[in-house]
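In structure tokens, the next block holds one chain alone, the form predicted alone.
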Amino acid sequence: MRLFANRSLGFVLPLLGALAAAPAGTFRPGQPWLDTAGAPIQAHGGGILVQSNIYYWYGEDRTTRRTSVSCYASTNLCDWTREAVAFDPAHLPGDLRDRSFIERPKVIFNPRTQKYVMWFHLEQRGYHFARAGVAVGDGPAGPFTFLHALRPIPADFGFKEDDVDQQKQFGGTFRDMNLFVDEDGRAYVFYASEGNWTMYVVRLNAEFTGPETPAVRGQTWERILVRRMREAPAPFKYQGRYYLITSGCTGWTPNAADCAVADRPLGPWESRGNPCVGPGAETTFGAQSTFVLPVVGVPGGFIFMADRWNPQQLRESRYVWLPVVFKPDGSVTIPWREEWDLSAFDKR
């Protein structure tokens, strides 16, 4: 996810000492966000699973050196209760435990196996390991049990023999990622690959624990946004069309988002440009995409979720949540709002 050290946030972050909870039911993008126990929410680079009208928010807990996966629960999207450490890197196998760290965890539910399946970017110093980590659990809060680390597509696209990422030997790198379950029950993983130059979308097997095999390009997987250097994928679907919000690869420095559209998950995908509107739109409001959430019971109601990273103190990174607005022609905008609530969807 992060390959560059020199960064400029573009936004001034207030100190944690100024923490104050938002009014009940209100979103204040980029402001401190406390859980129901009064502690700052630690769910960076995260995503949300909805089960039985309960939202489960998974993300990176950056309060310690070894990033773990946190799980929070809410019924209204504003008040979050910390449920558990869903996955602890101490539970990685011995050959990975001491050297690896976790980024961008996402969880989906498999109705056939009745398992909760977690995918994340499993990485090591230097960002050359670049594998997917997969774990499963019996409940939404875990604990999740590690299954394996893999690069889903081992195809060789002319990679160099001396490639530091060993892509010729193991396939395209796996970095920033997201999961998407379509209406037909098929699941997909989107991830930045080929050293972040190209994105892959891969249909998962029946258990959601690996790629569907045999992997056939154009049928079960595809290279998309080829040589576009995009990361932080956030896919969603509206009225039969697929949308994919991504970020440029500029390290910790925020940049302009892009929204691509397609008629099927494997594409072809067509870029429609930056969907953000308002002050700070050229830097995605000083943030980076991580997820787009369909709101339960609100047809056409989607929330754009992003992280406003603070590389000097990652645990103090903030969250930018904003409503997604669809225009009559199907295009997407994400307007900046200092403060808003779910009634914004009633005013469309």
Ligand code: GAL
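Quantities reported herein were computed from a predicted structural model and do not represent experimental measurements. Each residue number is its position in the shown sequence, starting from 1.
One more form of this protein should be noted, the form predicted in complex with the ligand, which is absent from this view; the next part is about it.
- The ligand is not shown here, and in the predicted complex it never comes within 4.5 Å of any heavy atom of residue 194.
- Proximity of residue 242 to the ligand in the predicted complex: non-hydrogen atoms within 4.5 Å are absent; the residue sits far from the partner.
- When contacts are judged by a 4.5 Å heavy atom cut-off, residue 103 counts as touching the ligand in the predicted complex.
- At the 4.5 Å threshold, heavy atoms of residue 284 stay clear of the ligand in the predicted complex, well away from it.
- Only one of 252, 238, 109, 80 comes within 4.5 Å of the ligand in the predicted complex through a heavy atom, and that residue is 252.
- Contact with the ligand in the predicted complex, defined as a heavy atom within 4.5 Å, holds for exactly one of 159, 146, 127, 170, namely 127.
- The candidate stretches are 244-252, 90-98, 129-137, 111-119, and the one lying within 4.5 Å of the ligand in the predicted complex by heavy atoms is 244-252.
- Looking at 229-246, the one residue that comes within 4.5 Å of the ligand in the predicted complex, counting any heavy atom, is 231.
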